[in-house]
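Shown below, as C-alpha cells, is a lone chain in the form predicted alone; questions about how it binds or moves come after it.
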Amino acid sequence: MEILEIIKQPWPWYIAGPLVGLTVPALLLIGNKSFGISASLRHTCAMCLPANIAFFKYDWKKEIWNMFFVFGILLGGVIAFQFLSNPDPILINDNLKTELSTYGITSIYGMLPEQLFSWESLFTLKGFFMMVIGGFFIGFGSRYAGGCTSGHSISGLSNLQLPSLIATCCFFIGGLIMANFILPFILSL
C-alpha cells in the first residue's frame, strides 16, 4: 500500500493518540510551552483590537508561537480536506442512522450532516441553536474553565494538574448530558 493511501485512511487510536500526546512533551522540552488552543483567541483579539481593555493589555508577541501553531492546524485541515479526503461515506451504526432519520437527518455523506450544518439551516431555529448558541457556549465555557479540552485534557492531565482533572470530568459529564438530553430536544424542534 502506498504511503498516500495509508495517510488517507482513518488512523487507529493507538497510532493517532500517542502522536497527539507526544505534542505535549515536545512543546515542553523544545520551548517550555504548554499545549492549548483557546488562548489563541485572546492573542488574536490583543493583536487586532488594541482597545483599552485590561484583559488584552499584555505582551502578546511572546505568545506568537501559538498563532503559528493554530495557523498550522488550519492549514493542515485545508490540505487534508482538499487532497487527502476519503471519498467513501462515513460509516455509522445503523441504529444511529435510524435515530437520526427520526429527526430529519438523512444526508450523512460527510463529517457534518447538511441538514444541521449549512447556510440554509443556520436560519432555522434548530440551526441557530446548534451553531450560534452552541458556539457561544463553547467559547464561554472554555474561557470560564480556563482553557479548552485540548489544553486541560491533553496538557493539563499530563502535567498532573487537579483543575484540569476537574475540568475534564466536567467536559465528559457535559458531553453526556448534551448528547443524551439536550441534543435530542434541539433536533426535535
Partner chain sequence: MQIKDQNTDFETRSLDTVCINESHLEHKWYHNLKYLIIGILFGIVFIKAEVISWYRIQEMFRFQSFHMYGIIGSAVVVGMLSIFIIKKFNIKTIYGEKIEFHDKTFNKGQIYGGLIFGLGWAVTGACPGPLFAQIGTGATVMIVTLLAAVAGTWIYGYFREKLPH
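Note that this is a predicted model, so its numbers are computed, not measured. Residue numbers count along the first chain shown, from 1. So that the term is clear: the rigid core is the largest set of C-alpha atoms that superpose within 1.5 Å between two forms.
The protein also exists as the form predicted in complex with the partner chain; that form is not presented, and the subsequent description refers to it.
Taking non-hydrogen atoms only, G72 approaches the partner chain to within 4.5 angstroms in the predicted bound form. Among residues of the shown chain, L125 is not one whose heavy atoms approach the partner chain to within 4.5 Å in the predicted bound form. The partner chain in the predicted bound form is approached by I182, whose closest heavy atom lies within 4.5 angstroms of it. Using a 4.5 angstroms limit between non-hydrogen atoms, S107 touches the partner chain in the predicted bound form. Taking the partner chain as it sits in the predicted bound form, the stretch 156-179 comes within 4.5 angstroms of it through a non-hydrogen atom at G156, L157, S158, N159, L160, Q161, P163, S164, I166, A167, C170, F171, F172, I173, G174, G175, L176, I177, M178, A179.
Taking the rigid core as fixed, one finds a CA shift for P50 of 2 Å or more between this form and the one not shown. Superposed on the core, the two forms barely differ at D88: its CA moves less than 2 Å between this form and the one not shown.
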